[in-house]
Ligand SMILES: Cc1cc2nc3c(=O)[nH]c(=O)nc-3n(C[C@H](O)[C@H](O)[C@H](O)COP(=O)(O)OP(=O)(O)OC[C@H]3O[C@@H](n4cnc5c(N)ncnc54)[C@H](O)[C@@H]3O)c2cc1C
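The chain below stands alone, shown as structure tokens; this is the form predicted on its own.
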């Protein structure tokens, strides 16, 4: 499968990049790492006249602690840099733990934190060649009006399959979005829509530029567990991120995020209240695992059955909690 024809644009700076996005809105895609975009273009999932190559914009790279105690991460910071950051390992360990599981070392060298946040949703009927999709009559997400996952349904259930967003949700992260009107800062939890087609709240002339980790989330223990068929390269088919803080043997605070089992990464509602102020026991970990499994809504969007993926959310949540709470 060959790439379609396109014109490559290389902006001089962020302001130029935003201007190019506005000028060519609707016919342009952003090239950061390209690890997801270029294979999708080969499958004719995206057909853009222009690619905006922002890989050289140094202002969008790096991990920078701020005077107020929060941490700013440029959207173009490589996943390898995040996985190997001693600062993040010390203060926000769940994020580098999640980042080190993304794909393979070569792809982590190219892939960026911004790209992982903005990753397209995936489905067994969507991520195929054009000829394969045509033979199935296409689908709601691309070129058709039929959902093969939930026949008769009008919602796309393609799953969001990024590894770092559930960790970032647990850390209460914000993101910065730039546009011709300026910049705005939003909670990452408000960025996703829960729909497989238009899965993020990002306009055609907007660009994710930075990630912010609050000082209040520093010092939490962090664990990430991931299910995939090939352990060295695949997207998650179920993923669980946990942050936890203990005091005097009891859980002072905890948050749990899941990925790859819904059209958006999600925090598990009620998990914090269930855990707060208690000592972790086998029964309590089992109850929180049940709660996470109830939050997961996997459908037939991957090679593994929905029942198995939901059960692994339960199992991974229990295991990750025990690991995070251990001495």
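All of these numbers come straight from a predicted model, not from anything done at the bench. Residue numbers count along the first chain shown, from 1.
The following text describes the form predicted together with the named molecule, which does not appear among the structures shown.
Highlighted residues 128, 229 and 309: none comes within 4.5 Å of the named molecule in the model of the complex, counting any heavy atom. Between 260-268, 273-281, 293-301, 31-39, the stretch whose residues reach within 4.5 angstroms of the named molecule in the model of the complex through a non-hydrogen atom is 31-39.
Taking non-hydrogen atoms only, residue 188 never approaches the named molecule to within 4.5 angstroms in the model of the complex. At a distance threshold of 4.5 angstroms between non-hydrogen atoms, residue 114 is in contact with the named molecule in the model of the complex.
Proximity of residue 123 to the named molecule in the model of the complex falls outside the 4.5 Å heavy atom cutoff. Contact between residue 221 and the named molecule in the model of the complex is not found at the 4.5 Å heavy atom cutoff.
Only one of 75, 88, 71, 139 comes within 4.5 Å of the named molecule in the model of the complex through a heavy atom, and that residue is 75.
The partner is absent here; in the model of the complex, the one residue of 213, 158, 169, 102 having a heavy atom within 4.5 Å of the named molecule is 102.
Looking at 224-251, the residues that come within 4.5 Å of the named molecule in the model of the complex, counting any heavy atom, are 226, 228, 233, 234, 235, 236.
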